[in-house]
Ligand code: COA
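Presented as structure tokens, the chain that follows is alone, the form predicted on its own.
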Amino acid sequence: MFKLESKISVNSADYKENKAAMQEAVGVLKERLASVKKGGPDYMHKKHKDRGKFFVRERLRLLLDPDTPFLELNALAAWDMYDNRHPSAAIITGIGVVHNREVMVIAHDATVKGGTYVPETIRKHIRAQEIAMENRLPCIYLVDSGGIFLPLQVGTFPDRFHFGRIFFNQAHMSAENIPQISVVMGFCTAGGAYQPAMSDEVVIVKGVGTIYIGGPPLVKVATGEVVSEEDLGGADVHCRISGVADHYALNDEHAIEITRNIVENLGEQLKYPLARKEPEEPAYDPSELYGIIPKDLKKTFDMREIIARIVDRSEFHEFKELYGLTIVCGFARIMGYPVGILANNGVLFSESSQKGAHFVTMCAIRKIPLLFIQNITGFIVGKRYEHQGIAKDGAKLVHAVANAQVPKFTVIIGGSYGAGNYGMCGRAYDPRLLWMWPTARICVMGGEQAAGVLTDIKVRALTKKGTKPTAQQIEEIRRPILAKYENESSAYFSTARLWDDGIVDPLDTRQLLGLAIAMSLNAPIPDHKFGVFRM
């Protein structure tokens, strides 16, 4: 393959301005990640420690193989929501390695509101299960939760993808031979009691682990019976009497040791044989990624500069290089794995949409994973383009992406607007994982465009009523609309609501993609299957 030729000047004023802006954005990201990793308030940490329990990240360190990566998901879930009193939505999820086998870990942080579930906790838990199902990853649940956060129960209980979906997913995964392992290291109350009950194997810790449908206060109110937590649902009850638990652990450390033994005895997991070569570093310094993304996302840049700092040896075999110039398509390797890459170099025209659809179908037939790198304002608009059939040509790309059965991964590095998000494998198109860079934006349209459209509608409505607004009045209408869109299109607004799988430092992108591709190979890659392409 050919090595990409970089045209970036690290001494230019633009590069230095871009780099400073990205460094600042990454600094903010790291500060926020450090903040949520602390968990709950100090008094909750003291209470947790006084009970002789390990903190959730200590449990993870014991569980995972030494010196192996942990791909944490949705670390900033619920950011800037609920007065930031539910950091990480009170739960840690991610992909790690236990006895050389990739697993999905779902672990409650009991220092955050007792590990209880707000709506974002449920979304995060279910999203982790979805990833586990699609990639056939055994699930390990480190359970330490008081169940639903009752003040917000209306958003957690009755709907299709609320709390009950967790147990539904466990049942389906077990039926598909995707192991479900629960480690009860604290409270496991009410509906939460079904988490271990729906698992294939259950470990429970003596003295701190409890499983019960109704706790002592509810039992007393309902029946008049007075009973302690331990006598109602402790380790001795469930290992010696009820049979709800299978393994009796003396403490957290012992429980983790038992859990690792369970994983060791799951049997061999054969991976899809995707032809991998020895990984090689990019020819260009990945730290230069900071200086490529413009501080002002309305400015253009060449996606090949990004690709050159992510792929092995900076080598890229480009497809249709001289046609449909606003999308870059081609083959490369990331951490030794083959990938097909689609990256935006502007708005999508009919030609670029057709080119993208052609390339996606090739990758699907050849069973090559797809990487979408988004910086897209959408599909082209206007009378001329509608007459040329932009709708049907755009639909070709959307159709191909929707039906491609290969592992798909998406990184939003700039803007992600309108139907361009769909054509480039946005969340609705089931990429295995989707990340955003800290300065990325996502919205139905850009803030300036949205403010212009909505302001124009209001001005016309006022004019029809006989009032002609002044320039100052028009600006007063426009300003709050723009501010609203700017806030709601930020990466942090997105990640708080789990519209992505996390905001990442651009320098981590290559490693994360390598881990993600490796994880995806736990599942087979089915034969391609497409429907009707409107020609």
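Remember, it's a predicted structure, so these values are computed and weren't measured experimentally. Numbers for residues come from their place in the sequence shown, where the first is 1.
What comes next is about the form predicted together with coenzyme A, which is not displayed.
- If you check V504, L33, M44, I481 against coenzyme A in the predicted complex, which one has a heavy atom within 4.5 Å? It is M44.
- Item | Among the candidates T410, N421, Q170, T189, the residue which, in the predicted complex, approaches coenzyme A to within 4.5 Å (heavy atoms) | Result of the distance check: T189.
- Answer with yes or no whether L150 is in contact with coenzyme A in the predicted complex, where contact means some heavy atom within 4.5 Å. Heavy-atom contact with coenzyme A at 4.5 Å: present for L150.
- Indicate whether coenzyme A has at least one heavy atom within 4.5 Å of a heavy atom of R441 in the predicted complex. Looking in the predicted complex, residue contacts with coenzyme A do not include R441, since no heavy atom lies within 4.5 Å.
- Query: Does at least one non-hydrogen atom of R85 fall within 4.5 angstroms of coenzyme A in the predicted complex?
  - Reply: Because a heavy atom of R85 falls inside 4.5 Å of coenzyme A in the predicted complex, the answer is yes.
- Message: I'd like to check something about G155: if you look in the predicted complex, is any of its heavy atoms closer than or equal to 4.5 Å to a heavy atom of coenzyme A?
- Response: Flag for G155 set to no.
- Using a 4.5 Å heavy atom cut-off, which stretch among 384-392, 460-468, 322-330, 107-115 contacts coenzyme A in the predicted complex? The contacting stretch here is 107-115.
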